[in-house]
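Encoded as structure tokens, the following chain is the form predicted alone, with no partner shown.
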């Protein structure tokens, strides 16, 4: 079993990260890496670079596992799984955290502390991991969620919830995280904003969200 860091250690590490990054320096914009996707393609097409990237990804993921779990399967329903996520999509999220477009103080500090090669390595690592299957705890509710999903959500996320390079894989995602994210989109939270998601969630009731979450979290 790999060692996990106590919350106090993680908090102290965040303080160090903030002190050494633009996040801890008012008035200074974070560095913008505009070539992440281009570098990803280069690494994926070069066997030597790809092998090195996977080794780097394993090392970075050993720390990420403190929150996101072994193999990217979180033990906390409010913390997202990273296992099986689409590589380009996940890399884009690292860019958004680094630029402060996605808001989470700890994640912003963590991502800004990673090099380009570490970011690419860790997303490649997680993309190869299997999502742990969780059968529905309420089959009737999940069935209602399936009906809703097949009318609305499949148009972007696909029949199997796997998404694509620009859209997240949501199949097997943690229920607490799904619930929070859907409500943020529906309610217009500044923490998560996306015009397409906002348009498709604005009429969802809490019951609709619970049903969709019950189905999506149990998808393989």
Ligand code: HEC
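Residue numbers count along the first chain shown, from 1. What you see is a predicted model, and the numbers here were worked out from it, not measured in a lab.
Omitted from view is the form predicted together with heme C, to which the following refers.
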Is there any non-hydrogen atom of residue 102 lying within 4.5 Å of heme C in the predicted bound form?
-> yes
Mark residue 127 yes when one of its heavy atoms lies within 4.5 Å of a heavy atom of heme C in the predicted bound form, and no otherwise.
-> no
Evaluate residue 85 for contact with heme C in the predicted bound form, applying a 4.5 angstroms cut-off between non-hydrogen atoms, and reply yes or no.
-> yes
Heme C contact in the predicted bound form: residue 131, any heavy atom under 4.5 Å | no
Would you kindly say which of 146, 116, 138, 96 lies with a heavy atom within 4.5 Å of heme C in the predicted bound form?
-> 96
Proximity to heme C in the predicted bound form, single hit among 55, 41, 155, 48 (heavy atom within 4.5 Å) | 155
Residues of stretch 195 to 210 in contact with heme C in the predicted bound form (4.5 Å, non-hydrogen atom) | 196, 197, 200, 204
